[in-house]
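One chain follows as structure tokens, the form predicted alone.
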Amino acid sequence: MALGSPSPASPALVESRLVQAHGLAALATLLVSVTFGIIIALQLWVPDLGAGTPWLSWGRLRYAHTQGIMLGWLANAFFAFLYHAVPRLTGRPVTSPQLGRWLFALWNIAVMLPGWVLVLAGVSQPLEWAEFPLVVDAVVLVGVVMAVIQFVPPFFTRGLDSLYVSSWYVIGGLVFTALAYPMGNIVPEFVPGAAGAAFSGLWIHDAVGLFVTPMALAIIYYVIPAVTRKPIFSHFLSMLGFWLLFFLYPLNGTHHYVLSVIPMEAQVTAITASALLGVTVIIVVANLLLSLHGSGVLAEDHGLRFVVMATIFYLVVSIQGSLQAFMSVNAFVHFTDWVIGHSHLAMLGFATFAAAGGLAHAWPHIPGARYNPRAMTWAYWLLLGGLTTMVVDLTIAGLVEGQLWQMGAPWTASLEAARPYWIVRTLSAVPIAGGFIAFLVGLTTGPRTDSGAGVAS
């Protein structure tokens, strides 16, 4: 059973309104977050933009941008997909529709809105991927626990031997996030110095590796067999990738502090884990791409098109991350725009394309929902073109900056050299924003579905 594609679920088991609500909330918070991102990109080469207006300062907008992408866009998109997928993976409904409504309200009204207001007002934590203040962190933790209660119990009604690969990733991602979130968002506030930085460094990668990556892979492992109607190439390789991911990812966060005061043993452990994680990703991606062999449906299905590109981005960004963990590479690219390109390839490339693929796959199953295939095609190509331009541009900028620093050139020389690349980065936001707007159009216009039964699940 774990090798095949998910079974169709009775429409009565699926909370379609919550799929739609979280999907639209995801896109609304995404567009706000992208707006923040465009402003801070402009401020790199138009530094007086927003001068004299505290809430428009670069640091505050950057916090609102990063938290909005992870907790607004990605979390909402993942929740939307889970409401679609969990009943199909388990043959059971989620725990409670009422709990789902409370989770939706808490996440978007008690987390995102006050979180944005507080960081824009200057109340925040100086921790990467943990910028929302402690009062919001407490609400996020409540929301994550609610998500565990909502989505995890249905998987245990039939026993572990009946779990699909997607099911493993959903369970692992939600449970580990509930454990890791307080470690990275709360503990550093009470642990001083390098020890606190080490906890924060773990969360920087646990946020990506134990929340974003498992949820994205759950979507990919679901959509590929659901659309192709073929099993995953190797269940053994699937489970090997799963256990290696959850074993290695918590170990590699310290590679953000290579050549720092953190004990060298911890740094070497993180570098080793990063290298092994690169091997793990090669295994996972090879397994996923081999699962597509002979399917002949890639160009026909928008959800599949997005998740396949997400898989390719996963390979590229993971190999890049493993390489830049090595001390010699890290010493050259650290603090340069190379790292910014890398992070956008992870969150705007791999994670966002997976989330978009999940929504594109689930949406036509919502009774009465609108779906516009032409707009979805535009969304795919605009996002792909804009993201590629941005990442290539920032990667080259990082190499230029690193070379100048190695030569001992003045800091201002690197700023002048980076300026043209920052302009291109800002311009790349045009197709990216256009792609997201087209995606929203794709989910809100076009013919209505009747019951969703006509679309392969």
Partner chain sequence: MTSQPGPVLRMSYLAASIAGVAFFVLSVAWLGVWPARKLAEQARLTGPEHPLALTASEVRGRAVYAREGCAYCHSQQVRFTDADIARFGAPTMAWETRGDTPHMMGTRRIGPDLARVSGTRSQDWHLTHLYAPRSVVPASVMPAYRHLFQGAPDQPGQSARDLVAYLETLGRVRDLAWPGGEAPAEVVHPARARRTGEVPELQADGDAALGAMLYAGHCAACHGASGIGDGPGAVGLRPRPTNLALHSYSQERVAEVLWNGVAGTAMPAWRDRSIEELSALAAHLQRISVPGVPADPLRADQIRPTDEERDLGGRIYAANCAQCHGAEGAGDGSAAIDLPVAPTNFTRQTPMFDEALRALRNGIDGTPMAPWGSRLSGDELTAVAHYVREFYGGRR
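Since this is a predicted model, take the numbers as computed values, not measurements. Positions refer to the first chain, counted from 1.
As for the form predicted together with the partner chain, it is not shown, yet the points below apply to it.
The contact residue chosen from Phe313, Phe151, Tyr257, Trp116 relative to the partner chain in the model of the complex is Tyr257, the criterion being a non-hydrogen atom within 4.5 angstroms. Of the listed positions (Ala379, Leu74, Val285, Ala198), a single one reaches within 4.5 angstroms of the partner chain by any non-hydrogen atom in the model of the complex, namely Ala198. Per the 4.5 Å heavy atom criterion, the partner chain in the model of the complex is contacted by stretch 127-135, the sole one of 127-135, 343-351, 224-232, 74-82. In the model of the complex, the partner chain lies within 4.5 Å of some heavy atom of Trp168. A residue is said to contact a partner when one of its heavy atoms sits within 4.5 Å of a partner heavy atom; Gln98 fails this definition for the partner chain in the model of the complex, lying far away.
The partner chain in the model of the complex is approached by Glu265, whose closest heavy atom lies within 4.5 angstroms of it. When contacts are judged by a 4.5 Å heavy atom cut-off, Ala105 does not count as touching the partner chain in the model of the complex. Contacts with the partner chain in the model of the complex, taken as any heavy atom within 4.5 Å, map within 56-86 to Ser57, Trp58, Gly59, Arg60, Arg62, Tyr63.
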